[in-house]
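Coming up is one lone chain in structure tokens, specifically the form predicted on its own.
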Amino acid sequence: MDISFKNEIATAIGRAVRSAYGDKLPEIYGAFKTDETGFDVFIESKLEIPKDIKLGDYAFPTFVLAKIVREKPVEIAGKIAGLLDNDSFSVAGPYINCTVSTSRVAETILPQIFERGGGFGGSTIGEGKKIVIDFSSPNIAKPFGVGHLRSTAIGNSLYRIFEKLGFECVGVNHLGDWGTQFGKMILAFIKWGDRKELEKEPVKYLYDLYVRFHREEEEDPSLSDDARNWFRKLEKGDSEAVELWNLFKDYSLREFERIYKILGIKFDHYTGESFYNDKMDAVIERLDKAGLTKMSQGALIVDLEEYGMTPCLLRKADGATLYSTRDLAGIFYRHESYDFHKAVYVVGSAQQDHFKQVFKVIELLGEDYADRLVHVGFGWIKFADKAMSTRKGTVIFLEDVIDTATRKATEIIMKKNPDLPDIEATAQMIGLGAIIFADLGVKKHKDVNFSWEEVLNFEGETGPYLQYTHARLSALLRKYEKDVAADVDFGLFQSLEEKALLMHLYRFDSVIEIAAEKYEPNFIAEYLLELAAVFNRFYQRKDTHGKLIKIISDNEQETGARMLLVAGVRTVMKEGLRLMGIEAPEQM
């Protein structure tokens, strides 16, 4: 934001504190480990937003000073407030409240949104810095299930959030395209597969074979040894194994890319586990030279016991390398290729110990980027409180969910607005919005209990509710039938509802920065829900006689000002939805 009200308020309060307690400044600065300039920054960090907007826009709690100056918080508040502007500052018990005039907020915020459009809320704090984001990462020859949605949605949103802050983002899809499961797939296809059937619905057909293999394996354990043998053949370059592996991979990539296109997601690079096959020996050699490796029961490890961790396994007794070795190779490769500011791994919380081990190994190597490796963990997606399993055949295909959501949206549109142009495209936007918001509307560390009723609920705190708010804002602008202008009388903004809406718009950039800092798109989701609620209060406000105050009225000046505000809310709503990977329909 070009103008920081919080900074101005903190500076004024800091000045008043220095005047009121000049003789105690050394103690105050010492207590907060700061100096004169830093003290204002400290005050700014302590500013709160009162629950009741009538009390003010910001509040400074004087408790923090009480022990140092040895006075009661209420007395401190009165003394400091007495040195401040009475029109802007007031006292409520131990709090110093500050109010920014509604007209000033309006003239600060609305022209910026008008001029910058979708660029509003962005910044250049990431300029010249590159962030590699590893997300989605489905397994080859397996369906793109609902369980893959969390990494995909969170990663895509973080990509957009960091990009908005000026970072250069590199999206990497680390495909699961290597491992013993491919020995199982190859064996299953050789025993029961049919190429003509494979061509019809490749991934579904391979999935059915995978489920069948595990069912047959329970009856005939020897299949496990046969599968391991086929994977060893693949590792050694056996022509039949390699040909089938490439076939499965090509079909899977085509299917994944089709799903990503529906979701509106793009990746800069697809580099699966197999990409690092020829880079593993160099990793182990590097760790050997650093004196970090040791043998344990025939396996090569990095002992991390003194750091409270289990060993980081690099190579099993049979010579096979593991996920840790591949992820180390990936980190080295990405740092050499991209010289990243940060490398972010959007992978389920179940893998947090794995990433702690891998990142600790990088730290022990003395790499200066070790503290810039970030694991963004998240909870499970469950269905009816049960975890899904590929082996048991209980995976729910994401495309089935999208189709069902789109069909339901179509039915609702046909009932409420059958003349809507391009119903099919709008219905898909709404269906996808419902699914993605069902994920990002939950904080990432929590599990998502996938429920058809909740995901496809088009009322309440959902994606379609936010999309509908955007459509209603768009309808108001169409009804206005004039170009919105920024040269309005900002003094016309006086009501509490207008003030609440303006202050919420003002906070958009800070919410984006917090979402990036915490790697938590849910902050955007919660912000938009509140924006919609605040707008609805503005939309439904009444005068002293209980009559609805229309946004578009015969008073051209008032209408022009209000429509500038409506346009600002629509811009922020649309941009916030975009940051979550959700489209904003003009009509619903």
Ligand code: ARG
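This is a predicted model, so every value here is computed, not measured. For every residue, the number given is its place in the sequence shown, counted from 1.
In what follows, reference is made to the form predicted in complex with arginine, a form of this protein that is not presented.
Interface membership of Arg315, defined by any non-hydrogen atom within 4.5 Å of arginine in the predicted bound form, is ruled out. When contacts are judged by a 4.5 Å heavy atom cut-off, Ser474 does not count as touching arginine in the predicted bound form. In the predicted bound form, none of the heavy atoms of Asp439 sits within 4.5 Å of a heavy atom of arginine. Using a 4.5 angstroms limit between non-hydrogen atoms, Glu498 is distant from arginine in the predicted bound form. Residue in contact with arginine in the predicted bound form (any heavy atom within 4.5 Å), chosen from Gly78, Gly176, Gly122, Gly126: Gly176. Proximity to arginine in the predicted bound form, taken as a non-hydrogen atom within 4.5 angstroms, holds for one residue of Asn139, Asn97, Thr102, Thr462, which is Asn139. Of the candidate stretches 347-355, 237-245, 298-306, 512-520, only 347-355 contains residues with a heavy atom within 4.5 Å of arginine in the predicted bound form.
Every residue of the trio Asp134, His148 and Asp327 has some heavy atom no more than 4.5 Å from arginine in the predicted bound form.
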